[in-house]
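Starting off, we have a lone chain in the form predicted on its own, written out as structure tokens.
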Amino acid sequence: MAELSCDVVIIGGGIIGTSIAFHLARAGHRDVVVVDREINPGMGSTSKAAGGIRAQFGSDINVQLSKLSIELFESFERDVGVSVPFHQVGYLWIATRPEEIPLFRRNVELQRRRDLDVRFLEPAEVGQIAPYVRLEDVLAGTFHARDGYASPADYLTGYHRAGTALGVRYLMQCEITGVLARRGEVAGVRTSRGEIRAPRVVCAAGAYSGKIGEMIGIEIPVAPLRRQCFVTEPITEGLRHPIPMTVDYTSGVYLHSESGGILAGLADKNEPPSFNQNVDYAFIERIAELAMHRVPLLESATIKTGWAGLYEVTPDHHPILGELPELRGFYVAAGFSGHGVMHAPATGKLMAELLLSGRPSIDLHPLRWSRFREGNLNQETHVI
């Protein structure tokens, strides 16, 4: 590859990188190159995601990102030109311990202040929404009908096709080997296929963002954490599909309809960070036990397939969005802690606004990289 030059290089062709590229191009800024080491976009964590989309978070900035993303998911066909089914059947969060009730109530109040129609549920109301749920130990729940789930791959394909049609260039099977800088300013990237000169670089490398930080000598505190899922064979009796995304807050297991069966997933929060994406079948059995406890009809279901993927986790479970103060022109959009798909539309729009005008329509100050150096963290409570 001959030396390239462009205005913006995006490291990572997952749903975050493709969304940023599309939103830049849609705004008329089309001199953008996306670099990814895989053969096709979205073959990393995006391809392993469960596809949940929700506004029920415990921090105001995450609620704002979700609210904007849901609006953009709802208008995706009009904006991007691709129709993707968005199953807005809601998210149902379930609490089983008394100490969880005040947290659920506080979060509902926060979400309602952002004009979201989130409901606090008594146990009987949980049963009305989800008759498949074991209720004996349920103390409360919350529900937002505009939440739901969709295919991450379909959204990514839409962003990729639309961005490419607008002039975005994708360099696949191309690995980042270094970052070019001069006098505290980024100058591009070095790749396995040559250098790309650019005055602005965006790191959207997901779980590998910490590796990119090592190349520039700046810690990007994003750790890879294995998350595992399985899908059952179709369940035709006792369950009316699609069910809401159902989350047991106490155990962390989550479930939703998938191909006529049930997808269930969980991350082992005691497992140390690693890039291991092998399936641990003993842990799949643990997920199944927790899922069967919450949804008893799964006791007669058969597991069809299972897989593992990587969360990109920060210490406070919030993403890093913005320019690094120690390297001008170098931006980070990573660390979504399992919420990358659901926040991809908002992230693409806001990062494009930040790159083009410096004035994103949502204040991204709470998500600045320097909060870790300052010790000014705001822990997200609703993570799974």
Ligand SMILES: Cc1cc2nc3c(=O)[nH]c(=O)nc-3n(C[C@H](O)[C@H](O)[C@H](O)COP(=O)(O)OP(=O)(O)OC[C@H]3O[C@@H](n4cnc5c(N)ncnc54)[C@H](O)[C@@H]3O)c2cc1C
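Just so it is clear, the model here is predicted, and its values are computed rather than measured. Residue indices: 1-based, along the sequence shown.
Although not depicted, the form predicted in complex with this ligand is the subject of the following passage.
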Partner proximity in the model of the complex: V202 to this ligand, non-hydrogen atom cutoff 4.5 Å: no
is_contact(L354, this ligand) in the model of the complex, heavy atom dist at most 4.5 Å: no
Contact flag, R294 vs this ligand in the model of the complex, heavy atom cut 4.5 Å: no
This ligand contact in the model of the complex: C174, any heavy atom under 4.5 Å: yes
This ligand: the contacting residue among A346, V32, V63, V35 in the model of the complex [heavy atom, 4.5 Å]: V35
Heavy atom within 4.5 Å of this ligand in the model of the complex - the one residue of P224, G309, G90, G213 that qualifies: G309
Region of this chain that lies against this ligand in the model of the complex, out of 338-346, 317-325, 22-30, 355-363 [heavy atom, 4.5 Å]: 338-346
